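First comes one chain, alone, set out as structure tokens in the form predicted alone.
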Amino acid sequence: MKLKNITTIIVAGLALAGATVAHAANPLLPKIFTADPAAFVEDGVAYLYVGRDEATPKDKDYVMKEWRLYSSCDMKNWTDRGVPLKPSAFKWAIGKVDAWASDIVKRDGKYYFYSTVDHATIPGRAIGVAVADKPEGPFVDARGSALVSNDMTRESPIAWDDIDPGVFVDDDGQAYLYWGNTVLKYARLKKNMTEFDGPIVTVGMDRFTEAPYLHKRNGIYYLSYSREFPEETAYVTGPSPTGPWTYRGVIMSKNKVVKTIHHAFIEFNGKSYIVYHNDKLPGGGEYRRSVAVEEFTYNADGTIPYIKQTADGPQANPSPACSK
């Protein structure tokens, strides 16, 4: 059967099931404003978690009341899986309009969602961790308290220096959490994924702004992040999850309107992708962002090429999950 016919059957079947399907050209989700993508792949399905931007054109700050989940078996057609989590799940947080950047990982059959919220009693941003038995949730607070709060780190006087968690589990089972604004920080996680196993470590990173993300490929550790402000995406490489790091350069340029650019990497059905946000959705702006995705190929030496933002997005890459 031809690929076009397969895709048509998939879309029709999802529509009959009552799911909302977004057809990806970029921006990926054309009906709502979204930002800060987190992603992972399991059993031939890509899962994409985004914060929803609900600010009006007149608002002067972020209005983010929920995280939303989308899934795809071909990186082209995306199914709306609803709202797996809201900030109100963290009772120790203010929990109204602060569904900031997040990341997710699976361990021992459970899904751990690390997210940025505003602490109710300790001034400043904090990081919580929620857990679920399946990707679509429901997620519940795994600790009943913040994993990181602003009083735990003193390197910067700002109230938002503990944001943008990025979680990574190495091949030996050791897990790490990376986060920060203006100062990069990381800590080892215990196997339960809800406690630190050692001190918080700061890393000197030239012109680091936020959004650290660690992934591994062919024995190389890639630590990518948002650099400068307005932000561009840059990365370093190293021989371990803690470095030492070698700067490799900028891989995605600054957006024209939106000052931020938050990203994640995934491998899907033999191809490499970066998800990120920009300002390309009509009516977009600083607090009305839009998630996009690009396919890319690593250079022969393992370095990441410069990745251009496109309006078309990737070609369909149907995994075996598409036939189920």
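When you see a residue number, it is the position in the sequence shown, counting from 1. The shown structure was predicted, so the numbers you read here are calculated from the model rather than taken from an experiment.
Only in words, not in the display: the form predicted together with a small molecule, which the text now covers.
K.L.:
Although the partner isn't part of this model, could you tell me whether Ala126 comes within 4.5 Å of the small molecule in the model of the complex, counting any heavy atom of the residue?
P.N.:
Flag for Ala126 set to no.
K.L.:
Classify Met64 as contacting or not contacting the small molecule in the model of the complex by the rule of any non-hydrogen atom within 4.5 angstroms, answering yes or no.
P.N.:
Met64: yes, in contact with the small molecule in the model of the complex.
K.L.:
Verify the contact flag for Met75: yes if a non-hydrogen atom of it lies within 4.5 Å of a non-hydrogen atom of the small molecule in the model of the complex, no if not.
P.N.:
Although the small molecule is absent here, Met75 would stay clear of it in the model of the complex, with no heavy atoms inside 4.5 Å.
K.L.:
Leu189 near the small molecule in the model of the complex, any heavy atom under 4.5 Å?
P.N.:
No, Leu189 is distant from the partner.
K.L.:
Can you work out which of Ile163, Ala175, Ala93, Leu85 has a heavy atom no more than 4.5 Å from the small molecule in the model of the complex?
P.N.:
Here the answer is residue option Ile163.
K.L.:
For the chain seen here without its partner, which of 100-108, 196-204, 132-140, 233-241 has a heavy atom within 4.5 Å of the small molecule in the model of the complex?
P.N.:
Correct option: 100-108.
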